[in-house]
Ligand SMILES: Nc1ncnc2c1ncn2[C@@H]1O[C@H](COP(=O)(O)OP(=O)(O)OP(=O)(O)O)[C@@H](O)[C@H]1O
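Shown here is one chain on its own, the form predicted alone, set out as structure tokens.
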Amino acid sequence: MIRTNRNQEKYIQTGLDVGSNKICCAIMEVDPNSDSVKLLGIGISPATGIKKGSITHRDQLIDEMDLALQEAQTMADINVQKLTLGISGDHIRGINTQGAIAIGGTNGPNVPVQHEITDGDVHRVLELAKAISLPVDRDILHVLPQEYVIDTMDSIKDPVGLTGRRLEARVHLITVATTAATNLASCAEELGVTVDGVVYQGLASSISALVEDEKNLGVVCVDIGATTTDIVVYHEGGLRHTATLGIGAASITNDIAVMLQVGIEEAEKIKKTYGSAKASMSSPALDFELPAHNGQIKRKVSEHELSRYVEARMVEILQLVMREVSRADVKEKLTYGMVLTGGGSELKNLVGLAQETINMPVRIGKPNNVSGAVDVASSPIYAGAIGLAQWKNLGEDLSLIQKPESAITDTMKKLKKIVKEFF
């Protein structure tokens, strides 16, 4: 039976995390008075219709998205009307930019007067900051204020109500390939729900996995997916750098499949059961039997040999991550080091390997500050979906401002209009 006594517009938020290995849907109930978040339902489905953020089989992807959504709705005992969609892929780009405006007018001959800063001033300076030249096939997904500067005062988080002559905004823009976002949103719309936001997946994961102290003192959140790795660098409460690598945990599975000459599914099982990110933590004396098919000779491999393949690839991924972190120009200031989340972070002994490789503190990021069915969704693989479901409510607190009418939204509206006229 579907509950009807809840105000879905106000309280129910849904996130749909579309990955290359799994699709995860989370339904949350938010109390606007206390900002407490309760997990009502979680659904998961294997993903075969999308790779590296690009749709490979549209109908297949829609069926898989539907499966995850139906599972979450059944658990929550509620019908979802709208959801927030996560997007990733190596087409995502992050840019730091800034804009400045004069506040108010002048008094007398060229003598500027101090005026109180209003919401309108903040909106104007953000519009100016994001007025950059983009290729026709790209769109701004997020405008994320890092800090404001009033005259000579910097590091201001909320300038409204303060007075000054000149207001400057330093922001981080995240841009996306318009077609990638539009196609993903249209697949979700096929489920009979409204997509009320498209959010960068790495950003969503950081919402549920990080705490405020980490963002203030410096941290990099790394969401290791199957075919992509999302990187988000925070410092002084602001987002300093974002990047997506076109490599993930599936590359480890592929290495095992090639080196041991087994199928991809078997390689994935072997990785989860016997693989260790640190070869030194697995014993050369412990052997396991490889599956034999079609008259193959039975073979044995030691856990140590397997873990050598795993470690080599994981070190490469961590080095690529650190190369991106160095571009944020805050490497020495990351007090809290690295937080690993996503399915790839479940690899055994990964924290030990990461600490040795990057020489910084490392922890596994699980969804935090969530009540309800948390025992079901305490794994880092759910961080993205839970972060997406929290987006609309934590967005303001995190100073995350989305573009109100993006090209993606316009395109979706046009598509709906055409469909309505056609039928």
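Computed from a predicted model, the values in this text were never measured in an experiment. Sequential numbering from 1, following the sequence displayed.
Separately, the form predicted in complex with the named molecule exists; it is not shown, and the next lines address it.
The contact with the named molecule in the predicted complex, taken as any heavy atom within 4.5 Å, belongs to 226 out of 180, 167, 226, 262.
249 is the sole member of 233, 249, 207, 176 with a non-hydrogen atom lying within 4.5 angstroms of the named molecule in the predicted complex. The named molecule in the predicted complex comes within 4.5 Å of a heavy atom belonging to residue 346. The closest non-hydrogen atom of residue 19 lies within 4.5 Å of the named molecule in the predicted complex.
Among residues of the shown chain, residue 272 is one whose heavy atoms approach the named molecule to within 4.5 Å in the predicted complex. When contacts are judged by a 4.5 Å heavy atom cut-off, residue 268 counts as touching the named molecule in the predicted complex. Heavy atoms within 4.5 Å of the named molecule in the predicted complex belong, among the stretches 181-189, 143-151, 336-344, 73-81, to residues of 336-344.
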